[in-house]
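Only one chain is included here, represented as structure tokens and corresponding to the form predicted on its own.
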Amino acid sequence: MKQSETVFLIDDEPALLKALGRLLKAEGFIVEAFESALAFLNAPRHAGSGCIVLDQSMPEMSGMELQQRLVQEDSALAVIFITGNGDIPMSVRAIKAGAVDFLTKPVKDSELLAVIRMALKKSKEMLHSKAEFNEWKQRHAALSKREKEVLVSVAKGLPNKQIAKELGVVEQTIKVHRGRVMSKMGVDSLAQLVIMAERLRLK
């Protein structure tokens, strides 16, 4: 099955970029190559799923520094480090910051391709999660002030009777608001509502 996601290669060794590019294109991947992290940052941002195969040791900006920038930008591009002089503490930092893997040169083609496919799957999952989160934010913004209050109380696990008492209304009114909240937020269970509230940091 042919791949369509983009793989970004960032390395200051032109020969390696050429060799990796040839390998990945033969596998059906769309490939974009850059000889520095700054060159990548200066290029237009990729909106779809994809991954970055990144060298750690490069002039001007290291691979770790680029990874930090991508984390700050909330990028959905998955990162794979491939380096000739990495060490265990460095690899641990990279993985903790979200890297899919930290490979040491020379890397077997089969190993690299397996990790790239894993990274592309992770990128798709991150894109889906971001889209879902943005949808939840929009739905929450469309709630009335009272509905937002009820949502927070329900997510805390408070019973309708207690919520009604705290908000100074009758219990039936809370039941109505609760139904509207569930409908507007697009959920059909309390568990889903709690998860949504936690991700939106409403509790």
Partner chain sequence: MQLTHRGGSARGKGASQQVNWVTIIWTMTAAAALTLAGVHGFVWLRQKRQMASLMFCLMAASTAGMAGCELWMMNLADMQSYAHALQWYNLMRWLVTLALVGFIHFYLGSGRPWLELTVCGLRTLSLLLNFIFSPMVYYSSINELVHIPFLGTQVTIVEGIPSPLSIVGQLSLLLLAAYLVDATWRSSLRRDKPGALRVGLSAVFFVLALSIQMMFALWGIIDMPIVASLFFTGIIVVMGIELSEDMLRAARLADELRIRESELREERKLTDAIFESAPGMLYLQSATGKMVRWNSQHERVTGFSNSETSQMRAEDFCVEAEREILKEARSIALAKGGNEVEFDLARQDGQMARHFFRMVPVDIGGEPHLVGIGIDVTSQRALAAETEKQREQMAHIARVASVSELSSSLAHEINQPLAIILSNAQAAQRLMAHEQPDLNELREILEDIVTADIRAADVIKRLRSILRQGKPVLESISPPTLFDQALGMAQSDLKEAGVEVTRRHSKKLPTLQADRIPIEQVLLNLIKNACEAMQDNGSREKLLSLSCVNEGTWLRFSVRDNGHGLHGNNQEIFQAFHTTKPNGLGLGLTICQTIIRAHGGNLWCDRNKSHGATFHFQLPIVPENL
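Predicted model only: the values in this text are computed from it and were never measured. Numbering follows the first chain given and starts at 1.
Keep in mind that the form predicted together with its partner chain is missing from the display, and what follows is about it.
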At 4.5 Å by heavy atoms, is each residue in Ala19, Glu60 and Lys105 next to its partner chain in the predicted complex? yes
In the predicted complex, segment of 168-176, 25-33, 131-139, 150-158 with a heavy atom within 4.5 Å of its partner chain: 25-33
Using the partner position in the predicted complex, report whether Leu113 sits within 4.5 Å of its partner chain, counting heavy atoms only. yes
Is it the case that Ala15, even though its partner is missing from this view, gets within 4.5 Å of its partner chain in the predicted complex, heavy atoms only? yes
Does any heavy atom of Pro89 come within 4.5 Å of a heavy atom of its partner chain in the predicted complex? no
